[in-house]
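In the form predicted on its own, a lone chain appears below as structure tokens.
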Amino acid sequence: MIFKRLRGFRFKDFPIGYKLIVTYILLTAFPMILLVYFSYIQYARSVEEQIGEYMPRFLYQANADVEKHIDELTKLPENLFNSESILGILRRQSYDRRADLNKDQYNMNSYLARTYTNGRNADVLGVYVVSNNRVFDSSNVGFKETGWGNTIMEFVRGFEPSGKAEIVLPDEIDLKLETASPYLFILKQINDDDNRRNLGTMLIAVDLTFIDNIVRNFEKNERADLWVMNASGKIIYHTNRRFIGTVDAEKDRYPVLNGSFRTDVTGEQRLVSVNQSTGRGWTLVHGIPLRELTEKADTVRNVTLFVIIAILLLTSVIGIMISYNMTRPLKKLTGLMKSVERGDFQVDLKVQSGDEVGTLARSFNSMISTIRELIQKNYQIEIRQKEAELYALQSQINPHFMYNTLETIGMAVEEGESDQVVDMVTLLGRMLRFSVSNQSKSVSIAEEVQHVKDYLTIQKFRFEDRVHFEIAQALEDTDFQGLYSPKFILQPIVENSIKHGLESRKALDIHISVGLEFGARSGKRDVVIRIWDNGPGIAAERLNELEKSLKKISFEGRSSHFGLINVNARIVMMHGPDYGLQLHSIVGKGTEVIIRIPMIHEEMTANAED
């Protein structure tokens, strides 16, 4: 069913207006949208690649700065060795009096405050020294737990020092400072250089907020996550504080330890960059959603799409208006052509534009005007043809012509000239058959000549020695039989000659010649028929009037020369003004009528009559 519908969906059958709109959208909208799409994809990919290359270098530098600062903090316990009195307190293992213990406690705490917590080291939150079951401390922030001293002492007893500074996370001691800042402890054993004895252990609570200052110098995007984790994946620092102390379970599945990669573990496409330090094995990680990287590109894309849609809507409205203005004359032309199909040629398409549509409208109007003229011309030709046929028929059945012919036949019967009777009856019958049987506008020259020869022969039987005629044809037999002429073009002229010639002449000579001559006006070889008689001729004034009447090519009703005018008008209408009749006459000498027609073959007559 779907395929049938698709087969029935033929774009070529759509109206031109729809085709213009669809074509416009295909040629403008799709390329613009594809351009925006591929530009956006290319830009987003370029941003991702740049961040992917830049961020690992930044992490390397940031990781080095963090490690350098931690290294500086691990050297703080060495400051205890700057005071012999402090070392003496640490070397003292017992007290005889409580007052001595309190005095050492005071002196030690004061020293720790002066050395570590009173402004010199901004990142130190507190310092705790465990020595010989004593806990000395100086801090800017207290613990939430009340028995924190015993907790620290128990932790130090269970910790196996390695001689180097160790990093201890808060959850390992199970103590929490009253501050919300991320922190850790630096633990280091204090050894007496003189006797290699262990004097105690120092823990320094370090505020990790300094990492914020380091990383924010490079990354200012609030939507980006930065975190530091140790070699086991435990997060030491995180821009989102709630993740501190948790373990990054994905660490072991990171495809690289130094570099960038894309991941969607959280259900969101993110670009993750990592760098692992060679010293402590800390890993600094930077993660940012890809949509944050392409935020500006997304904005440009959305604005561009909005502008494109607005432009498309605006241009579509303009396109529809243009299409409507273009197709409206065509629709009107279609309606007028249907009217023409129904036979109404009185139509006129009024389009004033100078474009192709205007040219088409003018061509249509010209074509319709030409058709109207051709119809009118053909109509007039038909009328004249019928008039000629009627005239010829009337002439042949003219009571006088019939009476005279029949009287001649009767006299021949009385005189016993049976051969003449047979000939006259045969000729009369052939003339009548020629007039009524052939409905075509054109006949072969041989038929037309034979018809006028029959007519002249009957007149010869009637008038005997008063009429002499001669017909000479200079055409080849193939041309004589194959070339065509309008029907009834000779008899009206010959009849006119007999009518006017016998009025003033005792004997009338008629000479008819048929041949081919070059035409100066047509530029071609034409068929020329000359009818000459020795009649009284035509006076100059009358000859001028006749020539003017021939040039009008219009039907002016019957007159004494109706036959000449009719023949000339039909030839001009059928073959143009280069053809027709010419008159030469000298009063008292005779008249010559020249009929000039083109060389017409049978197939040309068929096309002309169609």
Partner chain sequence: MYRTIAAFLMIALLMTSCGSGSETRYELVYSMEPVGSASQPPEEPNVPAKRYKIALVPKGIEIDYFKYAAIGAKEAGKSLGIDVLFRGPATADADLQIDIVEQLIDQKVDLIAISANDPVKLVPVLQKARIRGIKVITWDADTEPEGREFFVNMVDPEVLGRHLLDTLALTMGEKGNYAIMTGSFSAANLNEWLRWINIQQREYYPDMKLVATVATDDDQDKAYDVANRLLVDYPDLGGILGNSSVGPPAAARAVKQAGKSGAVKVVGLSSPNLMNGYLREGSAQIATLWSPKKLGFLTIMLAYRYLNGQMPVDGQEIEGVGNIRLNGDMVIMGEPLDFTAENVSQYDF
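In this text the structure is predicted, and so the values were computed from the model without any measurement. Residue numbers count along the first chain shown, from 1.
As for the form predicted in complex with the partner chain, it is not shown, yet the points below apply to it.
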{"property": "Interface stretch in the model of the complex with the partner chain - options 151-159, 73-81, 224-232, 361-369, non-hydrogen atom within 4.5 Å", "result": "73-81"}
{"property": "Answer option from Leu516, Leu305, Ala446, Leu169, heavy atom within 4.5 Å of the partner chain in the model of the complex", "result": "Leu305"}
{"property": "Sole residue of Gln376, Gln269, Ser353, Ser339 within 4.5 Å of the partner chain in the model of the complex, by heavy atom", "result": "Gln269"}
{"property": "Residue contact check: Glu503 to the partner chain in the model of the complex, 4.5 Å heavy atom", "result": "no"}
{"property": "Glu48, heavy atom within 4.5 angstroms of the partner chain in the model of the complex", "result": "yes"}
{"property": "Partner proximity in the model of the complex: Ile21 to the partner chain, non-hydrogen atom cutoff 4.5 Å", "result": "yes"}
{"property": "Any non-hydrogen atom of Gly259 within 4.5 angstroms of the partner chain in the model of the complex", "result": "yes"}
